[in-house]
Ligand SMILES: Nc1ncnc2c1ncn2[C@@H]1O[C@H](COP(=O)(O)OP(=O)(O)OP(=O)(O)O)[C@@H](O)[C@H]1O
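Only one chain is shown below, in structure tokens, and it's the form predicted on its own.
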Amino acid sequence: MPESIIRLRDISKVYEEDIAALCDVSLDVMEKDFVSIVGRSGSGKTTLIKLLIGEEKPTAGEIVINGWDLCNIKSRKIPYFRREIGVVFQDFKLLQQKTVAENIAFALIVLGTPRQEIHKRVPGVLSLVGLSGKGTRFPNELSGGEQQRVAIARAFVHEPKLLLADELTGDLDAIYAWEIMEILLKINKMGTTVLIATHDKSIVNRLQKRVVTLEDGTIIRDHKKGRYVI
């Protein structure tokens, strides 16, 4: 039986001046699941992602991800927690002075992965994201869609159990956005749990995967195989 890789219980996040970004959010995401977190701008999607990667802590509630208690985790332990997940940001966060292959390899170097294993994994993940032959290029020599693929490759090269992505198709046109989703579907089929935060209605409806809808910081819908209903 699949186990829960993300467990949220009664999560609330309140910022200064009593601004509630999330209110009493409870959610379970099982291993190998593919989940889209949707909602209008300001609904709480990005705040939720920040909590899931340990960038912020909730005001109240419980967050457990892959056995890590993120409400009580010590700051020095957060880098170790993040080594067990993959994260893709909308702005890529690529190292501009390094090549595509070096950007991807860097994620393995910080884990202490043997050089021989790095040389084996990097070409494989480049092939997975459709960038074979572009390992020697620099980020500024790639299109936005190609840079996003590099970011996905870097997030997945250490084969995490969980991949999180925040609005990763926001700046791409429909064709390239779906190509990115097809890569995430491949990764999901390989056994990695995928959770994306997005406002892209057409992408979500085409995926036909689980859809969790946020509104004013509260979950208002959770459909196992649903659509983005506004």
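Residues carry their position along the shown sequence, with the first being 1. This structure is a prediction, so every number in the text was calculated from the model and none was measured.
If you look for the form predicted in complex with this ligand, you will not find it shown, but the lines that follow are about it.
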Open item on the list: With the distance limit set at 4.5 angstroms and only heavy atoms considered, check whether 15, 41 and 167 all reach this ligand in the model of the complex.
Closed with: yes
TODO: Would you point out which of 182 to 190, 26 to 34, 44 to 52, 200 to 208 contains residues with a non-hydrogen atom within 4.5 Å of this ligand in the model of the complex?
DONE: 44 to 52
Open item on the list: Just to make sure I understand: among 8 to 36, which residues lie within 4.5 Å of this ligand in the model of the complex, judging by heavy atoms?
Closed with: 15, 19, 21
